[in-house]
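Below you will find one chain, with nothing else, as structure tokens; this is the form predicted on its own, and questions on how it binds or moves follow later.
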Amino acid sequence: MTQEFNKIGSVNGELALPGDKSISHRAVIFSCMAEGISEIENLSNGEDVRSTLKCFSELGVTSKWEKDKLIIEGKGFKNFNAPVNNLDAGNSGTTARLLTGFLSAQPFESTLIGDESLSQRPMKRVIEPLSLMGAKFSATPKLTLPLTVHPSEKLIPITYEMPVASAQVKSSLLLAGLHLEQETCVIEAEQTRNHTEVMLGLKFEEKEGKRFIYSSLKNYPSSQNYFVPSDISSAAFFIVLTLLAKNSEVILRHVSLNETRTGVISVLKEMGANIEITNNQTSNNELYGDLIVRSSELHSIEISKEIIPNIIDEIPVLSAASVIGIGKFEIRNASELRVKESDRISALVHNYKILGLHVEEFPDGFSVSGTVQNENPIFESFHDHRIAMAFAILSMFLKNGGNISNFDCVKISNPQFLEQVKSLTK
């Protein structure tokens, strides 16, 4: 599906966005692992979280919707059914990698599969450390999906220092560690998203400039009620939309303010963004609040290496904000962009070249500058929801708007994106 976007004027109103995708995955996983009934409110309605839920249904977990809450009857410690079918993670790297850690501790064989895009994404980064714990796998020669997890005679706890900053790898190891009496320790030099340790209440310590996180059987999840704050990565598109539009103000309700996710707000504020945070609250140790966003004049900044893991999913829309609001953008130390739903560095470079901008591509990033030359662009989404939405926002500030091919991929994280845009641009 090719979606057209026209040039807009001002935007005004308020939105209550679907639940954060990362927190939603974990709320589902922990609820399924727990024994008894858990309730999840404001769960993400994206395809990725549905993939996680579908995988657990293959493992014998039952769930049902009651009004706006998902009720899950968890199976408890190692009470899951051996799956009859393959476990299909769809497009979700979080599903595939976190479940790999969980499945490593189960007494049955299971096979994870995914769509064409996910089947090209690296699984070596979870296979290697889990193998050190005694897990057994069969995979493709490139260590990608399909991945078969064999029952292990005995898992052992390990201390593992992360070679690459990855919340998914960290969480996979911590989930495996939840099945062992002794502690598994994951060490990270660069702090990544901490939803797993926050929501489980895991012990951690800071020393020698590194972060040490511990998990063991005593941390195994129990049934509880979850409220999932709104997804700050989804909110980022509407933040940028409001900042760039003239005479505009938008309120975004109960947005996740987890410290490892608010880098996009910090970067935009440093660029001159007028963003006010109000009504702070917490749920399951996760902080959230309301954002009041107003039109702003942005200026160029240098993005530090240290904040990259915190803003990795927001780089596409941050680059769009810079191209429209400032005219130039550069990011380095972001090679992780190449192994997302698409090679996002190549995808962004491709689309910015369509506009006739001056673009340089680096192994770990890119730069873009200049003025738009092509007033009738047709952008390629590369079947990547964040690329699609970033260029939707950018299109709304072009003289003749723009078109994005294969736009239906936005359903991965935010199926209501078009309706939300419409509600603010009436």
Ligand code: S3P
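These numbers were taken from a predicted model, which means no experiment stands behind them. So that there is no doubt, residue numbering starts at 1 and follows the sequence shown.
Keep in mind that the form predicted in complex with ligand S3P is not shown, yet the notes after this line are about it.
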| property | result |
| --- | --- |
| Partner-proximal stretch of 100 to 108, 267 to 275, 165 to 173, 224 to 232 relative to ligand S3P in the predicted bound form, 4.5 angstroms, heavy atom | 165 to 173 |
| Contact residue in the predicted bound form, chosen from 87, 293, 312, 318 - any heavy atom within 4.5 Å of ligand S3P | 312 |
| One residue of 332, 253, 125, 211 in contact with ligand S3P, assessed in the predicted bound form (non-hydrogen atom, 4.5 angstroms) | 125 |
| Contact test in the predicted bound form: residue 193 vs ligand S3P, heavy atoms, 4.5 Å | yes |
| Interface membership of residue 258, ligand S3P in the predicted bound form, 4.5 Å heavy atom rule | no |
| Residue 179: touches ligand S3P in the predicted bound form, heavy atom cutoff 4.5 angstroms | no |
| Partner proximity in the predicted bound form: residue 22 to ligand S3P, non-hydrogen atom cutoff 4.5 Å | yes |
| Heavy atom within 4.5 Å of ligand S3P in the predicted bound form - qualifying residues of 340 to 359 | 340 |
